[in-house]
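In the block that follows, a single chain appears as structure tokens, in the form predicted on its own.
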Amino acid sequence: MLPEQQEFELTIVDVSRSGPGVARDPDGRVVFVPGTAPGDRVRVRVSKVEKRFVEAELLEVIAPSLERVAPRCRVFGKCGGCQWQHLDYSLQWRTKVSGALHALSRVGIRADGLPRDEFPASDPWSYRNRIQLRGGSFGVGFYSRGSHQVVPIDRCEIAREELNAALPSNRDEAIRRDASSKLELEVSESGEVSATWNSGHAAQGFRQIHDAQNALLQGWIAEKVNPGRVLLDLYGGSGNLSLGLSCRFDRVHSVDIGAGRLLGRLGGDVLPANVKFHSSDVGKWASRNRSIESSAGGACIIDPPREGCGEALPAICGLLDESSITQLFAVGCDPDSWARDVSRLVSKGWRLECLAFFDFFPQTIHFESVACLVRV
């Protein structure tokens, strides 16, 4: 068995959907090495030994793979944001899609023959409309991976250029404050940049960080959804996926724990009359409102946070069982939690009809998966 801190050479044979490259140690165990590409011949140092796998630190790329590319960012590998700038984008996308399909297979769902739409990013750079930074006497920067040590930056290669243009003035402001601070920069749809200091996450209201991919997701659901009496939008945020569909339904109920704050950003006067926002925990709301809609015809969108529906899913299924809902869209940004939710829905009598994948986060391991299900 390899001891920690031992150094040795190996060849990377694959890349895992969690980010690191994959190889085998002399004993045949899986070795995960961040920052590597399939085909790399590398020298590594063992950092963690488990019964079934080993984690190792990359020391040197002895012979680079043809799938390795030069990272654009000068702090790549130090900053905690991007994991895959060293990989060709086509490989990034293939790994994401195969990872989602593998997550489904692990929970007993074979998706090989299902209709599937794929939406890789047309440009995998300069897409983020919002970034969160830390400020201080050093200027501004991002946390390094797995720590609160800040890596100073002068630009972010995946941020919109409007945000990069705003960095110098905000760097000066951070230095003037001369204290640890949090900065959120956001560019609006009209191109205006706003800065928020020392407030919570998404202080100006949650918004998907990739506008072009978000439009594709909205369009895909709009194309697939069947009009009806009611649309339920669970974990609906500011109505990102439901407001554009309100003209196709008699009533829209959007439920989110932060709906009250989000409505302040939208402005109540711009909401369609048939849309109602409910500021509530989704599971509790579903338990209290099982009979909210009993007329025939309807659809539901479920777009939970990264950890999935979790304990709220039984209440959601109970609501769906007593409702008119016949079509369901399950959206997720983590393939494992998304696959678990889809599997539980299938076990409750829903049939998986088709899938779609959207790359909201190029250069990282994250992306959006969508399953369309119908009531059996």
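Given the structure is predicted, the values throughout are model-derived calculations rather than measurements. Sequential numbering from 1, following the sequence displayed.
There is another form of the same protein, the form predicted in complex with a small molecule; it is not shown, and what comes next is about it.
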C82, heavy atom within 4.5 angstroms of the small molecule in the model of the complex: no
Whether G136 contacts the small molecule in the model of the complex should be assessed with a 4.5 Å heavy atom distance threshold; does it? no
G237 versus the small molecule, in the model of the complex: is there a non-hydrogen atom within 4.5 Å? yes
Can you tell me if V282 lies within 4.5 angstroms of the small molecule in the model of the complex, counting non-hydrogen atoms only? yes
If we take heavy atoms and a 4.5 Å cut-off, which stretch out of 122-130, 297-305, 148-156, 106-114 is in contact with the small molecule in the model of the complex? 297-305
Tell me, which of P71, G258, G77, G244 has a heavy atom within 4.5 angstroms of the small molecule in the model of the complex? G258
Within 4.5 Å of the small molecule in the model of the complex, heavy atoms considered, which of N164, T196, S181, Q208? Q208
